[in-house]
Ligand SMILES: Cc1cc2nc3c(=O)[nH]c(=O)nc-3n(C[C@H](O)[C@H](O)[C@H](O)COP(=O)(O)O)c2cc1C
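Below you'll find only one chain, the form predicted alone, shown as structure tokens.
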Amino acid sequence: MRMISEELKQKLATPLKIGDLEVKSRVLQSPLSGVTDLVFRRLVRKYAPESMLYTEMVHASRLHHVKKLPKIMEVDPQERPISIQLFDCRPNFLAEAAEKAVKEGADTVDINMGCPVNKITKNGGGSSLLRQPEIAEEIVRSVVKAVDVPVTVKTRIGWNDEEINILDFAKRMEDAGAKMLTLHARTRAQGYHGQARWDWIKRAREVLSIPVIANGDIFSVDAALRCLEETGADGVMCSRGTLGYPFLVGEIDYFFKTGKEKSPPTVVEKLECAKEHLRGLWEYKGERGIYQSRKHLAWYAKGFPGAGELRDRLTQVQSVEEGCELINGAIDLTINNL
């Protein structure tokens, strides 16, 4: 484990300022579609009591036609600070959705301008806005005017290697009123492949006065430290590293604050967490939660003898009882092999 430089140590000792909002952690949990629901966020919050959490991204246009807000926007007052992430390409719909998000309890409103998925970009949302900076500016201005909480943007470095325009784009977002920029250091064309190009985070940090949060390849405490040292970013956002491992944000935050490494969870502790996750999804979503739990349970089942076989069986669970029975069997086997 590398040591923290004095300069970085001083930065980590101060709260992250997002506009007039102070967050006592510089480690954030990324919004992840189909993952960061209320149940998952509660698990992350259990180990990271002060980190900023994000909902799954919400389609602003769909909110325009509903009387009752979707479950995806539900937040627990106990999980603050919390941000609701929105996506769309229509400034007026995003402004309206942002007002609803604030009424639901959002401490910030985040606008997704980085999602690379085809069904999002073909309709003008997500990372397609990198190709439409004027519309992106109008979106931020409209949302800033509509709400009294900080508005933030999450984006990528460009559409592809021939269209890396993040420096100009980021400055436009700041000038339009964004109070923080989270930068996933890949192009839209890269998707989630290849290495994150942290050098672009450093360049963005140099041209902006608002906080810049580094995203991409933050899978460990060491990676988080290296990223901050190399880029000068104001914090890190964890994404795929938390799949089946809601402990990661808390582990990084603990090291940032204490300079000490937190003992990682044992196999048994991870499997107990998997059961908690399964039960939570059942209680919150019923049968739909069981189906959604399968991918989560598969992510937990790795790194121990028999994990592959367990993973195959967990992807087919039909009930809480069945899932817990399978996990309990793995726990007993692990304890017996100690």
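Note that residue numbering begins at 1 and tracks the sequence as displayed. Being a predicted model, the structure only gives us computed values, none of them experimental.
What comes next is about the form predicted in complex with this ligand, which does not appear here.
Q: From the candidate stretches 167 to 175, 211 to 219, 93 to 101, 138 to 146, select the single one in contact with this ligand in the predicted bound form, where contact means a heavy atom within 4.5 Å.
A: Result for this chain: 211 to 219.
Q: Please determine whether Arg188 contacts this ligand in the predicted bound form, using a 4.5 Å cut-off between heavy atoms.
A: It does not: once this ligand is placed as it appears in the predicted bound form, Arg188 has no heavy atom within 4.5 Å of it.
Q: Against this ligand in the predicted bound form, would Met57 count as a contact residue? Criterion: heavy atoms within 4.5 Å.
A: Because a heavy atom of Met57 falls inside 4.5 Å of this ligand in the predicted bound form, the answer is yes.
Q: Although the partner isn't part of this model, could you tell me whether Arg205 comes within 4.5 Å of this ligand in the predicted bound form, counting any heavy atom of the residue?
A: Output for Arg205 is no: heavy atoms all beyond 4.5 Å of this ligand.
Q: Give a yes/no on whether Arg240 approaches this ligand to within 4.5 Å in the predicted bound form, heavy atoms considered.
A: So Arg240 counts as contacting this ligand.
Q: What I'd like checked is whether Asn112, His184 and Tyr192 together line this ligand in the predicted bound form, meaning each has a non-hydrogen atom within 4.5 Å of it.
A: Contact check passed for all of Asn112, His184 and Tyr192.
Q: Which pick from Ala298, Cys273, Leu32, Leu38 sits with a heavy atom within 4.5 Å of this ligand in the predicted bound form?
A: Selected option: Leu32.
Q: Which residues, if any, of 83 to 100 lie within 4.5 Å of this ligand in the predicted bound form when only heavy atoms count?
A: Heavy-atom contacts within 4.5 Å come from Gln85 alone.
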